[in-house]
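Coming up is one lone chain in structure tokens, specifically the form predicted on its own.
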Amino acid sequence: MIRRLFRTSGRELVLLAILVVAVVYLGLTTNFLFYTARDGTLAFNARTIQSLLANSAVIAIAAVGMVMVIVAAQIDISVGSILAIAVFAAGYLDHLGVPPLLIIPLTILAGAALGAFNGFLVAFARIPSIIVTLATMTVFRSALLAVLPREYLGNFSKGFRALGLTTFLGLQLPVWVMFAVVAAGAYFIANTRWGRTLYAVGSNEEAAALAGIRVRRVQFMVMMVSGAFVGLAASFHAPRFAQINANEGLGFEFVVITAVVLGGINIFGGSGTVLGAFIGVLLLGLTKTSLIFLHLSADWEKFFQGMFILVAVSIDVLRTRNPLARTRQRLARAAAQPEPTAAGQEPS
């Protein structure tokens, strides 16, 4: 049973072990987990865990959508620009007096519309997703800057701010939303028919089409759903701050993709889990937090992110090549063997 668990979830278990070891190390060498109170007793530092989870919530929600995109062998590097537009859309809706609970679905629709634009170009115009989203990453943000009356937005209502700051059992509302989205996304991808089609399309697009899967529809849907998840993330990101500016989402796409690939999603498509991506998000968040406790420069954060994605992609390349190499070796050995002859006859 243990061997089977490791075979199916080996990458996730390794990442989880690394996460636990890192937390224990920080707990033993810094005040990441415990600190000395005024009365001299050792107290649990719950604020660091709360902050880590709160800062990871937006990334994790968007990462669930990115998992679907990459599993289907696509990529979306416009999510940072989509986040910026959705954040400002949420802020302006609040200024117009729209109820906070109605802002959430409207912001999701805004993100889904932008994702659908990407999906149409990818699925039906047959333009590679990396080209489409590289272009829309610039187009979306430039359009936002062109129409903004000012480069920042603030003075939000108390109801709107409550979406990002309300706490329940010591955790902010976005954290509980993150848990719900990750759990639902993990179940959906692993246990539904449509979830399984993502893996089929990402593994072999031609074989999936021959099996009756509407590949273009799947490609369109994953891009649109990714935008919807970014919209959901934005509706809880904007209320956390007293003011938002036009630089929202800069570099967001790199963080999300790094977390997803680090979490075991094969960059070439066809494999990976939402749980692994979630652990990848937590590892990135812990890396950023640990720099503060270890008194290291914040510049190291980008260094480690780059190293993470290089290592993860290298592992995916080796995993992809090795089965092909073994297949070629078996075929070569079979071709080198002499043909069987009838009894009593000499081979020609």
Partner chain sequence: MSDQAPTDAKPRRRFTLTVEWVLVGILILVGAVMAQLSPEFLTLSNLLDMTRFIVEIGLLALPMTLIIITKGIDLSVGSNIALSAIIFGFAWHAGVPLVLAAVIGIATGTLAGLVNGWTVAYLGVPPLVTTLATFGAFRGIALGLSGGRGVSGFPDWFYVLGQGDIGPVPVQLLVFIVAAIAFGVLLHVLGYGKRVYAIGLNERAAKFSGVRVRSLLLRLYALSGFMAGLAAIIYVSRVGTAKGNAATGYELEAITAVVLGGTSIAGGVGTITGTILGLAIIISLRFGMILGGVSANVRSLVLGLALIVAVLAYGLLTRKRT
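Positions refer to the first chain, counted from 1. Bear in mind that the values here come from a model prediction, so they are computed numbers and not experimental data.
There is also a form predicted in complex with the partner chain; it is not shown, and the following applies to it.
Interface membership of L26, defined by any non-hydrogen atom within 4.5 Å of the partner chain in the predicted complex, is ruled out. The closest non-hydrogen atom of E205 lies within 4.5 Å of the partner chain in the predicted complex. Although the partner is absent here, T136 sits close enough that one of its heavy atoms falls within 4.5 Å of the partner chain in the predicted complex. With a 4.5 Å cutoff on heavy atoms, Y92 does not count as touching the partner chain in the predicted complex; it lies far away.
Note on the partner interface in the predicted complex: the residue among I127, V98, L106, A184 having a heavy atom within 4.5 angstroms of the partner chain is I127. Between the partner chain and the residues L173, A116, L275, I267, the one pair within 4.5 Å by heavy atoms in the predicted complex involves I267. Heavy atoms within 4.5 Å of the partner chain in the predicted complex are found in exactly one of 72 to 80, 175 to 183, 220 to 228, 106 to 114, that being 72 to 80. Residues F254, I257, T258, V261, I267, F268 are the ones in 243 to 281 with at least one heavy atom within 4.5 Å of the partner chain in the predicted complex, listed in sequence order. In the predicted complex, the Cα positions of P128 and L310 lie at least 3 Å farther from each other than in the form displayed.
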